[in-house]
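Quick heads-up: it's one chain on its own, the form predicted on its own, in structure tokens.
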């Protein structure tokens, strides 16, 4: 069965995506040959993106974060746009994403579970005041609130727990899906990679440039770019066919 046939017959699709969903928007992934974690730094990115490093080396954290983690000029690609269309068409239940770039919402998706938070939410640790990603990008050194408190991005750093309500919503969506599309992820980061085990539906589809531990368990495996695959499929919206 082709992916188009699977999508046509599905009514409760959930999309579970990783960094590979946004690479076609110009945002590097993490673990591929040219990914962020393969680049050479004096301090490994995994360390700089940890909770411990944020509090102990805040200025250095923000220097790296502004340089590598704030792709504010990126735009949604064909994958983001097609998923938003499927949601409008009543085929897609939810997007579960490990990405923090906000591109699913920028494309129009409404029900998005951001497992690792978002660069677009930043809060004062003292008073809770909200600040935009643009404010963080334009601030110098360590960004502080008008009250003097330290501002922290609402992203899940290494050493921090995932948000319980976000996890619950994501797992409930996956468990109720008739089709789960897993895309752009190496499925090596836990606990997120384990979410696939909650799927009880009919079609498990994998779209990823490289092989993953899930390949042998899928109804369909496509080792291609996510945007190229989804971009060729119908939107299933009557006014856009």
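Residue numbers count along the first chain shown, from 1. If you're wondering where the values come from, they're calculated on a predicted model, not measured in any experiment.
Beyond the structure shown, there is the form predicted in complex with nicotinamide-adenine-dinucleotide, which is absent from this document and is the topic of what follows.
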{"item": "Check all three, 99, 189 and 224, heavy atom within 4.5 Å of nicotinamide-adenine-dinucleotide in the model of the complex", "value": "yes"}
{"item": "Listed residue (91, 121, 116, 81) with a non-hydrogen atom within 4.5 angstroms of nicotinamide-adenine-dinucleotide in the model of the complex", "value": "116"}
{"item": "Heavy atom within 4.5 Å of nicotinamide-adenine-dinucleotide in the model of the complex - residue from 197, 46, 215, 210", "value": "210"}
{"item": "Touches nicotinamide-adenine-dinucleotide in the model of the complex: residue 10 (any heavy atom, 4.5 Å)", "value": "no"}
{"item": "In the model of the complex, residue 185 touching nicotinamide-adenine-dinucleotide (heavy atom, 4.5 Å)", "value": "yes"}
{"item": "Distance check, residue 19 to nicotinamide-adenine-dinucleotide in the model of the complex, heavy atom within 4.5 Å", "value": "yes"}
{"item": "Residue contact check: residue 27 to nicotinamide-adenine-dinucleotide in the model of the complex, 4.5 Å heavy atom", "value": "yes"}
{"item": "Contact segment among 124-132, 91-99, 104-112, 143-151, judged by heavy atoms lying within 4.5 Å of nicotinamide-adenine-dinucleotide in the model of the complex", "value": "91-99"}
